[in-house]
Ligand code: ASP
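So this first bit is one chain, no partners, the form predicted alone, shown in structure tokens.
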């Protein structure tokens, strides 16, 4: 039994839908010890952004974008149905479903415009609509290809808290619902086609799992069903040694450990949602990243322990659009509680800290947050340390923008001498200044901060230093 998740580009056009149908059909015919498929799908590429932009415009008083979005999205989905589904009744049913859901979207945006406010709860309702259009469409396309497929809304399956925008699944209830709803379907030969990204509270209020959360949806379903593999179908040949847009000779990796993949996903490798690894790891379910448009490629398999020993660095990734916050002052030396107060203030602002570095002299603490959150974090810290700033015990609280965090990742780095030296020698040879450094105790990741202007050159230099490129 396997779960197959298809990303936005994999269902981005009529040809893409047809390719997905062929891939699913091949997997359905494959001989397995435990037969059965579950398909999870994202929204068509570009749809979620269109929905969010329209809702945000409505909150600002501009109603034209949501009206245009309604018509545009109706046509976008009907074109696929018209070209891939011959059954007139099936097409008519889909047309009514599309029209109903897009009218609901229009009514919601009209309410947002009247209120002049887009709440996180309202944004979750809007942004999850794309999956509720694509999943029934994909189920119908699969039926048109002779497969027994049925649409399932994940709000019936994935029960979450009310952290709108990045909801956390309530596992016991989610597991129970997935098993009771999907197992009978799979055992009877039906392929459930489930909406990715979305869930609901126990009261039925729609939520989302965060952008890219369809990967997470697939892993949760796979863990609940105890499947043999969760496949993440995207538009690249697996996980690469680096972003090929930055490093032209980057190559795909045949295998990674959960630990390595978690580090890469957390530090900006967009091929997989960062939370995807957790349920797979807990249930020891292999993940595989595959290319919808090159299905013959074996992709990247993600497992507990790699069968291939590869000492040193496996891959390099980078996070852009971040800010470096620094709390500095000689009065901090030997004063207990400065770090605790610093990060308690950040936590109260509900901001995620991506990296932390502290000088051994205790004169400064610096950490990285998303750039959009930098101003509010600086304001919160200045208020928290207002007395210390007035008494000059802390000299400054500030932020540095236009920086990039580069993560050098590999489980084989653990216990291997000279890794850090090779990283910094490669950067030093190009006169690239390193602003901050951090390394976890696991030794599977060295993170460093450089200016945005140096980022591409830095990634290429490290990639070349460890000879990670293809032939």
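Positions refer to the first chain, counted from 1. None of these values were measured; they are calculated from a predicted model.
The discussion below concerns the form predicted in complex with this ligand, not included here.
Figure note: of the listed segments 324-332, 374-382, 209-217, 389-397, the one touching this ligand in the model of the complex, with heavy atoms no more than 4.5 Å away, is 209-217. For the candidate set 43, 408, 38, 54, a heavy atom within 4.5 Å of this ligand in the model of the complex is found for exactly one residue, namely 43. This ligand in the model of the complex is not approached by residue 445, whose heavy atoms all lie more than 4.5 angstroms from it. Put simply, residue 131 is close to this ligand in the model of the complex: some heavy atom of it is within 4.5 Å.
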